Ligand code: GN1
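In structure tokens, one chain follows: the form predicted on its own.
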């Protein structure tokens, strides 16, 4: 891939390939992300996975609109984080489409940035939740219908359950017997679907990040303050309860999302409380009362839904998420279902934070 980048990609961005240093960046499940450094600067180069993002031009257009809005907010001193902006091609385009060689885009790189994979303290959780809340607040006056849905019905639990049922029926990779326990567990959560159907029509459409993992908030490594919200690929119109839920999912467990130490996978009450404090400190005046009530629902829906997605991909033969070992997606699914059950077990204590 490095040879392809040097010969076919970097020239479009006006970079001398002979002097460029290229290295892997991050550990995302979907796209290929690299850091490119040369004498005149550095940028983030990314090959979009067009099997997942079937309308990549919409993806880069969405990100461009959001970065312009946030930059304008920053000039008005209404947005205090740094903004990752598109790095245009020499032709002034947001990306280049090389057909079978990939769809490539570049973005600004933020020096001194640092990301973490597992939240170690309530302070880290509150800083990150406050940053995601600040991001959502700054976009609260942006018309959500201006963004295209790059993955239709991305956070649609009934649809995800239907895809799981389809994967079970097909059992194309002959793996059903290895995961039947978790399939039965996932399909037994009808009460959550009923609650979701009741409240969703009452929620306003907002621009949502839709992937508020802890590693999508960059810390400034010099003082560990919040620096920037990154990875705008899934920014679309939706409901903020899902952004809150994904923070709960990715912040609260002391284990990584693919850990097999299920006895340690649980919702840490202090981290959950810190998420509530940080997020609501920025959005308390923005959210409607029904949105505030939906946050607890969002936490449960996201944990269950991501587990369902991992389980479905395992049954389908690992065609969506990158894997690094046999059974990786099944491990991820078991982890997420365990975290979901921890939410249910601690409902009274956790809900007291709202």
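Numbering follows the first chain given and starts at 1. Worth saying up front: this structure is predicted, and the values here are computed from it rather than measured.
Just so you know, the form predicted together with the named molecule exists too; it's not on screen, but the next bit is about it.
- Put simply, of 306, 36, 287, 70 only one has a heavy atom within 4.5 Å of the named molecule in the model of the complex, and it is 306.
- Mapping the unseen interface onto this chain, residue 154 counts among the residues with a heavy atom inside 4.5 Å of the named molecule in the model of the complex.
- Proximity of residue 310 to the named molecule in the model of the complex falls within the 4.5 Å heavy atom cutoff.
- Shown alone here, residue 249 lies within 4.5 Å of the named molecule in the model of the complex, counting heavy atoms only.
- Although the partner is absent from this view, residue 195 stays clear of the named molecule in the model of the complex, with no non-hydrogen atom inside 4.5 angstroms.
- Using a 4.5 angstroms heavy atom cutoff to the named molecule in the model of the complex, all of 53, 257 and 321 count as contacting.
- Figure note: of the listed segments 162 to 170, 266 to 274, 104 to 112, 207 to 215, the one touching the named molecule in the model of the complex, with heavy atoms no more than 4.5 Å away, is 207 to 215.
- Residues are counted as partner-facing when one of their heavy atoms sits within 4.5 Å of the named molecule in the model of the complex; in 221 to 235 these are 231, 234, in sequence order.
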